[in-house]
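A lone chain, given as structure tokens: the form predicted alone.
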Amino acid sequence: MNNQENLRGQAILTINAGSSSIKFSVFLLPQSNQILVGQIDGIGGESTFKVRWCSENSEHTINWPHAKQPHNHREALSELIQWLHSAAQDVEIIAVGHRVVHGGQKYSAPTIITDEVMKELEALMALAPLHEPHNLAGIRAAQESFGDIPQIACFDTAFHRTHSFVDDCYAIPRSFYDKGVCRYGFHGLSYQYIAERLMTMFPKESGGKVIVAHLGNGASMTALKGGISIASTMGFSSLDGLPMGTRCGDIDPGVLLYMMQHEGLSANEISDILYKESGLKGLSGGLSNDMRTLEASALPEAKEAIDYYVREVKREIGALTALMAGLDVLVFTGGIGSNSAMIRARVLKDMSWIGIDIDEEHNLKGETIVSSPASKVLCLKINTDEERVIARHAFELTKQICDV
């Protein structure tokens, strides 16, 4: 990769640590130009390390000796840093920005990570057991690998801390709300990016009543007024709302009681069903959690899974529109929202009652505006960029404490 040797200067590293993976990007300062993006998968097993320099079109697989296969996040991040030092010798990482799924009721903005912050985030692990532990493992690994450079936590829940009480609460004894049982909403980094892009691309419309549909393996929708989140389909956990790749979405709590009382399932068994075996995967009879596979399949179970998915997206559009007493803009984003013309078309079909008229040709071509000139609601497709939001927050906070 000799063509990368001319890259030099200070940079921000962003990290999104999952259960067995680390996604990362590097942004060169001061313009925050993304210079590379990559991912380490299979941590703890036969792991893979892939990177893509943003100046190139091809992806590179980094082959490391079997003896160097990382057993945990710390080892994986150590290998990543060694590789960065050799591949981009003149790039100095001055801060690390971390995606943290849950910030609880306290954290409504990105924050510099201290020992006290880490203790508070550890106390939130029960609220996001499948995400938060791995986010924190990535932070610890980065602290050990980078020493004293600033580590910044950017929360997926923070964007939704603007909700009112009635948009956050559940109709259960209020004492649970006081303990933190409320609607948090997620995908906030994505929604913040889309809200900011709307202000740039469509300044007049961005201040109106907007619904953003973040549709991917994880899926949710959020209502914005004046660029501020007022309601989200996701609630206390990342299970709520829309069906997802393997997560159930909205479900009658009585189903869970039935599983416990009549099927004899334990809490852990139910958790595995709801998080790992449901959604598109469950509805398709185990065929796939990938919308591309389902779209290409002729099996009736695949069609039914897609039918249910579209139904739920339509239902939530109606619900969020009712909360805002109208709709001016509808934005599709996320892996499915940005890439599936079929899902966009099916969601927008027969929506003239709400003022939507689709431009079939523009939608098939994947253009930014997918509604027709006659449509009263502006319908858009905008790719999200959570890493860029993390990098910007990390840079802004680092400037406050360092001479950069």
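The model shown is predicted, which means the values in this text are computed figures rather than measured ones. The first residue of the sequence shown is number 1, and the count goes up from there.
Just so you know, the form predicted in complex with a small molecule exists too; it's not on screen, but the next bit is about it.
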query	finding
Whether Glu360, Asn363 and Leu380 all lie within 4.5 angstroms of the small molecule in the predicted complex by heavy atom	no
Contact label in the predicted complex: Gly334 to the small molecule, heavy atom within 4.5 Å	yes
Interface membership of Asp290, the small molecule in the predicted complex, 4.5 Å heavy atom rule	yes
Interface membership of Gly216, the small molecule in the predicted complex, 4.5 Å heavy atom rule	yes
Distance check, Glu120 to the small molecule in the predicted complex, heavy atom within 4.5 Å	no
Single option in Gln69, Ser375, Asn339, Gln39 placed near the small molecule in the predicted complex, where near means a heavy atom within 4.5 Å	Asn339
Sole residue of Asp250, Glu277, Glu295, Glu269 within 4.5 Å of the small molecule in the predicted complex, by heavy atom	Glu295
Segment that reaches the small molecule in the predicted complex - one of 174-182, 140-148, 282-290, 235-243, heavy atoms within 4.5 Å	282-290
